[in-house]
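Quick setup: one chain, the form predicted alone, written in C-alpha cells, and binding and motion questions come after.
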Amino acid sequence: MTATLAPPPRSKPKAANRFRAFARRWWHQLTSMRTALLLLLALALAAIPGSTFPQRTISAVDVANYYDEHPDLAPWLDRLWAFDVYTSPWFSAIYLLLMISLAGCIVPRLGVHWKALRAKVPDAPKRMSILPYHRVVAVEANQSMARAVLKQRRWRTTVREAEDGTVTFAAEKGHLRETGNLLFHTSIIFMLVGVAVGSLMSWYGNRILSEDKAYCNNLQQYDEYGLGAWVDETSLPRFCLTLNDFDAQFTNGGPTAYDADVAYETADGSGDYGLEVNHPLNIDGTNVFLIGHGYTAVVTYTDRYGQTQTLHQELLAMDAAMNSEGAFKFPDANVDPETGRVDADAEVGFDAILVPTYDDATAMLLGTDPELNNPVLALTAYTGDLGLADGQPESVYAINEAQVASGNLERVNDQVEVIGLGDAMTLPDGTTLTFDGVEQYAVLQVRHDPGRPVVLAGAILLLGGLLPALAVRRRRFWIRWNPDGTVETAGLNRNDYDGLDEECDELTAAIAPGYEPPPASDSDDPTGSQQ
C-alpha cells in the first residue's frame, strides 16, 4: 500500500510580499523630510514658466499676442501647458506629492509628540555625574520648596521614590519647541491647500466705471478678468453696480483719499455703500475693491454733414500727476444722410493726452498737479480706415499703429494741437472736435477667493509656530535626595543651549538656600561637582 503525502501548506505569494515591501519603502521615501524639500524646490522650478510665459487665467489677450509673435513656437508650448502652468498635470502632480509628503512627515510626528506630552519625565541615570551639568549640594534642600519652585517656573515634573529611600524629582521643559515645529510645518500644508483652492475656485474681474454709469456682473462687461480652473460664467453671482459719485482728494501732488458712492442691486434687494480703499463691498461672498481712479474726457465730434457724436472716453494715467493718454475713435463719422452710405476712408480718430493742470507759462506739456485746475487735451488727428472692421481685437486706448504704418490711416495735423475746456480742434475738411468736459472714473476689482481664509490661517500658524521653534530650548533637570543626606542636581540639554549651566545653578540655588555656584574659571572638575 502506497502512502499519500499531504501537500505542504501554501505560503503567501512572494509577489504580494515584494509589492508590499516596495510600497512601504517608497512611502517612507516619499514622506521623508529630504523628499519634501526636494519637492518644494521642484515646485519653485516648475513655477518659473508661469512667470515667463503669459497665462490664460491672467490675460487671454497676452496669450493671443504671443501666438501672433511666435506662430511656430506657441502651439508647441501650448501642448506642454506653458500657458496654463498652474493647472497643468505636471505642476499639479508636484503640488499633490508635496502635500502628501508633508502630511506623511507631520502626522506621525503629531502622534509621537502627543505621547511625549502625556508621558512621565524620564528618570535620571544612576550615575548623575555623567550628565553635562552636575552638582552635589551640601546644604539642606527642601522637597516642598523644590516642588513649588518647579511648578512656579512651569516645569513638567515627575516624582519617584525608591525602596532605599531615594527620592528623585525629574523635570522637563521645552516641549513648546516641537509644538512650534509641528505648527510651522502644518502651516505650509494650510498654505498649499489655500493656494490650490484659490487657483481652482477663485475669479476676478477689473472694470473702469465712470460716474453715473452702471454695469452688471458678467464677463462681457469686464475690461479684464480671470477664472479659476473650476469656475465658469454661470458661477458668478448676479448683481449690478452703479457709480453715483466719486471724489479723489490730493495733498502735495499725491492722493490721500478715494471715496466712491455706489448703489448695488441683487436678487435679494438693493442698497448703497461708501466704497473706500481697503474697505470693500461684500456681495454674496464676493468683494468689490476700489483700487484706483482716473479721468474720463467728454468730447463731441461734428462731421462734414453736421452730424454730431458725443463720446465719454476713459483715459489711462501715465504718471502720478495723472497725465493721461487715450484715443477717440469715430468709425461711423461722415455718413451721407441722403444715401446712408459710409465712406470707409473717412473714419476719424484722435490720439489724446489729458493734462489735468496745464501751465502755459512753461514749455512743458505735461503737468505736475493731478487735480483738475486747468485741464487741456493734446490731440493728434487721423483719417482713413481705423481697422475696426477687420475683426481683430485692438486697444480702445490707442490708435492702431499697424493701420498708420500701412498707409490706411493718415495723420492730419503735423503738430500736436492743445485745446482747453470749451475749445474745438478744426480739421482741414471743416470737421471739429470739441472738448466738453472731464469726468472721474473709479477702477473696481471684483474678486472671489475662497482660499484666502485658509492661507490666512496658515500664515497665523506659521507665525505662531516659528517663534517657539526658534526661541524655546528643550532641557531636563533632576534633583535627587540620597539616603546619606546629600542632594544631587543634574541637567541635560536636548538642543543647543548655552545657558543650561546658569539656569540649572539658578534652580539649585532656589531649592537649596545658601548654595553658591562655583565660578566658571575656578571649576577644574569637568562635572562641576561641589561638595
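Sequential numbering from 1, following the sequence displayed. Rigid core: the largest C-alpha set superposing within 1.5 Å between the two forms. Keep in mind it's a predicted model, so treat the numbers as computed, not measured.
There is another form of the same protein, the form predicted together with a small molecule; it is not shown, and what comes next is about it.
> Since exactly one of 47, 58, 40, 61 fits, which has a heavy atom within 4.5 Å of the small molecule in the predicted bound form?
So the residue touching the small molecule in the predicted bound form, by this definition, is 40.
> In the predicted bound form, which of the listed residues (98, 297, 412, 290) lies with a heavy atom within 4.5 Å of the small molecule?
Answer to the contact question: 98.
> Please determine, with the chain shown alone, which of 137 to 145, 176 to 184, 243 to 251, 395 to 403 has non-hydrogen atoms within 4.5 Å of the small molecule in the predicted bound form.
Checking each option against the 4.5 Å cut-off leaves 176 to 184.
> Taking the shortest heavy atom distance, is residue 466 within 4.5 Å of the small molecule in the predicted bound form?
Yes, residue 466 is a contact residue.
> Please determine whether residue 102 contacts the small molecule in the predicted bound form, using a 4.5 Å cut-off between heavy atoms.
Residue 102: contacts the small molecule in the predicted bound form.
> Using a 4.5 angstroms cut-off on non-hydrogen atoms, would residue 493 count as touching the small molecule in the predicted bound form?
Residue-level check for residue 493: no, no contact with the small molecule.
> Is there any non-hydrogen atom of residue 304 lying within 4.5 Å of the small molecule in the predicted bound form?
It does not: once the small molecule is placed as it appears in the predicted bound form, residue 304 has no heavy atom within 4.5 Å of it.
> State yes or no: after fitting on the rigid core, is the Cα displacement of residue 107 between the shown form and the other one at least 2 Å?
Moves: yes, 2 Å or greater.
> For residue 178, decide whether the Cα shift between the shown form and the other one is 2 Å or greater, given a superposition on the rigid core.
After core superposition, the displacement of the residue 178 C-alpha between the shown form and the other one reaches the 2 Å mark, so yes.
> Please determine whether the C-alpha atom of residue 379 is displaced by 2 Å or more between the shown form and the other one following superposition on the rigid core.
No, residue 379 moves less than 2 Å.
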